[in-house]
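This document starts with one chain, in the form predicted on its own, laid out as structure tokens.
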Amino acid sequence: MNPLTQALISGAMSGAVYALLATGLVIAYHTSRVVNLAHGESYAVAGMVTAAISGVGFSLLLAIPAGIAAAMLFSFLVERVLLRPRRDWPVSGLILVTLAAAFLIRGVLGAAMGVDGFSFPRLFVGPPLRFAGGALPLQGLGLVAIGLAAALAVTLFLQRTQLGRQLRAAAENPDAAELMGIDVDRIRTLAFALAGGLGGLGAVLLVPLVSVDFESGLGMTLHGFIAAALAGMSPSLAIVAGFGLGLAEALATTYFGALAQDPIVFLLLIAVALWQSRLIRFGGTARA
């Protein structure tokens, strides 16, 4: 087995999920100006709901849509029940509200389903594809293809459709959007539900390869946020950043060990943040 090839394969699979999470987090951020720290919980909700429904004998064709729908419902409730009534709060307070929601749903999932990991059968079965000394499972191929297609579809949706343009307008200037007749509250709710759906899609594609438990959401939130930050909170660049983050993690683990993964990723984040800060101007002077 070629370690480099296998690292690239593993990085592409995890990167597809990070791209979905980052894209959803960016969409929710642009419409609310709030970094949703409960965003990764949509991954945990979808994975555990799908596993629970599949585990009692229902078909994956029912379990997977139910899991994604549960993730969308959770994100919808975060915006509709927790954030919208408190829209006059400072952003820092709203971010803490989303953090509280994350810990709440973690507790609910842990109490309802226990602390053990869950998984469910693969949607794509068959012998893995072998090339250049690496093995790519068909579920992994489906994960990369569907994840990339979904993230690109959302980007095209924002750019090419009337509803997408309304979402962008509400994100750029909510007051002007309201004067143009756009229902900003509805758009924000749509953005959060769409973000939850992307997180849920990542779960139903990845969980057959790795288990999910009630604590999985926090790690996914962190990875999604890092990818979004590396992308400068751009939906289109979030795709590239997500795959780049997955590849960086896989290469770091392969060549430096699992303990080096997080330090290398955070050093990368700090380096990009410092580079981007060169573009910030105070009083007309560029700051490096």
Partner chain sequence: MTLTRIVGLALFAAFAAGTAQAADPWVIGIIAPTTGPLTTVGLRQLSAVQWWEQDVNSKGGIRGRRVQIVHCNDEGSPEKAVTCARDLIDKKSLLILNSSVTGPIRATMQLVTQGPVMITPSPNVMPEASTFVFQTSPSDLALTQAIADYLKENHADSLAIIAATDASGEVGVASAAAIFPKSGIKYDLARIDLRANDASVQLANVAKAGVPLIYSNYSGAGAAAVVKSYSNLGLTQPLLISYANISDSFINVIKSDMPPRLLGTGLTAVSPELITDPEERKRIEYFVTSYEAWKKEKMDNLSLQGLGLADTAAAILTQVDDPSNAVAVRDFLEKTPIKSIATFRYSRESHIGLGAKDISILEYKDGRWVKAAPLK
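Predicted, not measured: the structure shown is a model, and the values here were computed from it. Numbering follows the first chain given and starts at 1.
There is another form of the same protein, the form predicted together with the partner chain; it is not shown, and what comes next is about it.
Contact check for residue 152: every heavy atom lies farther than 4.5 Å from the partner chain in the predicted complex.
Of the heavy atoms in residue 174, none are within 4.5 Å of the partner chain in the predicted complex. At a distance threshold of 4.5 angstroms between non-hydrogen atoms, residue 94 is out of contact with the partner chain in the predicted complex. Using a 4.5 angstroms limit between non-hydrogen atoms, residue 206 touches the partner chain in the predicted complex.
Comment: the partner chain is not present in this chain, but in the predicted complex one of 73, 135, 99, 184 has a heavy atom within 4.5 Å of it, namely 135. Of the residues given (68, 250, 231, 53), 250 alone sits with a heavy atom within 4.5 Å of the partner chain in the predicted complex. Contact annotation: the partner chain lies within 4.5 Å of heavy atoms from the stretch 253 to 261 in the predicted complex, the single such stretch among 253 to 261, 231 to 239, 34 to 42, 58 to 66.
Residues of 208 to 238 lying near the partner chain in the predicted complex, listed in sequence order, are 208, 209, 210, 211, 214, 215, 220, the criterion being any heavy atom within 4.5 Å.
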